[in-house]
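Just the one chain here, laid out as structure tokens, in the form predicted on its own.
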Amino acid sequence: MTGVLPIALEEATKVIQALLIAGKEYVGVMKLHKDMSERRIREVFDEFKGKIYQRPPARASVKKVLRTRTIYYLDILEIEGRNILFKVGCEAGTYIRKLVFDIGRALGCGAHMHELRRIRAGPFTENNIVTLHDTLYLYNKWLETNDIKILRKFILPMERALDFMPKIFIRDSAVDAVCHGAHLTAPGITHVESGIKPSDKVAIFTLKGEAVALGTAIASTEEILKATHGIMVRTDRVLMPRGTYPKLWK
């Protein structure tokens, strides 16, 4: 497989767990084992859109239990003989090779993955990636010039990895408490993005747009906006070092 692979450095490795739940998008080539009509192929592809059951393949390093995953879209881009070029957007944790195998079995002819490319992982797409060759070139250029602008061409702020997550912004006075692992209460919140539901994973940000922590919402957007007290977000993973903001809590 080729394509997009987010890599985190130093403290930014803390956001990797957020990217693990982010949706993915792939382009692949499926190879059928027998000739099939285009009509039948398209019928079966449509059956695999939405919620599907999937058991991880034998070589996967997870429990081999049946689980549900969501296929947001599954589009056939081109059919040439037994080769099918397709694009799929899916929930994190979906095994595309297994998806291809299951489609082949549903067709009754069998199929395997001939080629696969990840074109999106969370907020990162092929439009904003750099190759390993680019990285090596820019790194050597930075060593020569010591110009930080060169680093910014291939190293992005940690916050960019959280673009896909709903955000909750907090007061400066609440930042250090959250950095010490405290859950976020209503008085510390200034504004909230729409569409948050209880149990949603959210990102907690400062008013300056700095990532503070990852958390789980306990209330919806509407409930958070109306609340005057009580815990609104359970802090799961602190991202900002303690002491970055002054301690204003007891």
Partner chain sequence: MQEKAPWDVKRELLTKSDDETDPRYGCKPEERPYPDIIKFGIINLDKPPGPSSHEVTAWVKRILNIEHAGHGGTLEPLQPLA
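Residue numbers count along the first chain shown, from 1. Note that the structure is predicted; figures quoted are calculated from it, not measured.
The same protein has a further form, the form predicted together with the partner chain, not shown here; the description that follows concerns it.
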item	value
Partner proximity in the predicted complex: Lys63 to the partner chain, non-hydrogen atom cutoff 4.5 Å	no
Contact label in the predicted complex: Ala12 to the partner chain, heavy atom within 4.5 Å	yes
Leu207, heavy atom within 4.5 angstroms of the partner chain in the predicted complex	yes
Any non-hydrogen atom of Arg97 within 4.5 angstroms of the partner chain in the predicted complex	yes
Proximity to the partner chain in the predicted complex, single hit among Ile218, Ala186, Met36, Val27 (heavy atom within 4.5 Å)	Ala186
The partner chain in the predicted complex: contacting segment from 103-111, 77-85, 176-184, 120-128, heavy atom within 4.5 Å	120-128
Heavy atom within 4.5 Å of the partner chain in the predicted complex - qualifying residues of 156-186	Leu156, Pro157, Met158, Glu159, Arg160, Ala161, Phe164, Pro166, Phe169, Arg171, Asp172, Ala186
